[in-house]
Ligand SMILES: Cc1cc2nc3c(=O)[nH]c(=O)nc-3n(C[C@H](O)[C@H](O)[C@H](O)COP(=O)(O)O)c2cc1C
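Take a look at this single chain, the form predicted on its own, given in structure tokens.
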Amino acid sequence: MSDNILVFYGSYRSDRMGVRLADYIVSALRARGDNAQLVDAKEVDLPMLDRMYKEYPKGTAPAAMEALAEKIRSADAFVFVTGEYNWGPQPGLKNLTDHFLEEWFWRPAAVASYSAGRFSGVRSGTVWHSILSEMGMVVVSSTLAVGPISQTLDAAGKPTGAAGESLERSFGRFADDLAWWTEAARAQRARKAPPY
């Protein structure tokens, strides 16, 4: 069975490089037979959080928010691709994520981080674990950490050099971990309704 996986990316910068990692993940998941789709916060362009999706009367949420809520509800799993801004998560990705809550519940999530430097965004990735857990997702233990991003993936999101080879070796375990939890969560939801 093909898993429906949303890959979220959140940089609004004009010269953003992390989209290379998001594109790589979408492509690699599709190569495994998954239905992977990129959700780019900059393209969705939700406003700064004022009202969460659930706070709008039914049928009155902005069209982009309504469409994304439906995508999230119908997904089997999520991947969050995060850069690191001053040791923390990107505001664009955090803002997009915070517009929703119950829509995320009872599905697994994985975190992939990146940076221009050698720390590979791991500090932001670590923060995302607790954020996503609080939002009702099961966060898998396998992560991807890519840095320097410019030496790992080319402009088309293709692995390059030794760092790219390392990413490709790591991706299998990352994807397998997410697939295992996706199958487990789907089976449990079919067996028993979530408690809330």
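Note that the structure is a prediction, hence the values are computed from the model and not measured. Counting begins at 1, following the sequence as shown.
Here the subject shifts to the form predicted together with this ligand, a form of this protein not shown in this document.
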With the partner left out of view, is residue 173 within 4.5 angstroms of this ligand in the predicted bound form by any non-hydrogen atom? no
Contact with this ligand in the predicted bound form for residue 113, defined as at least one heavy atom pair within 4.5 Å: yes or no? no
Can you tell me if residue 182 lies within 4.5 angstroms of this ligand in the predicted bound form, counting non-hydrogen atoms only? no
Would residue 73 show up as a contact with this ligand in the predicted bound form if we use heavy atoms at 4.5 Å? no
Quick one: name the residues from 34 to 56 with any non-hydrogen atom within 4.5 angstroms of this ligand in the predicted bound form. none
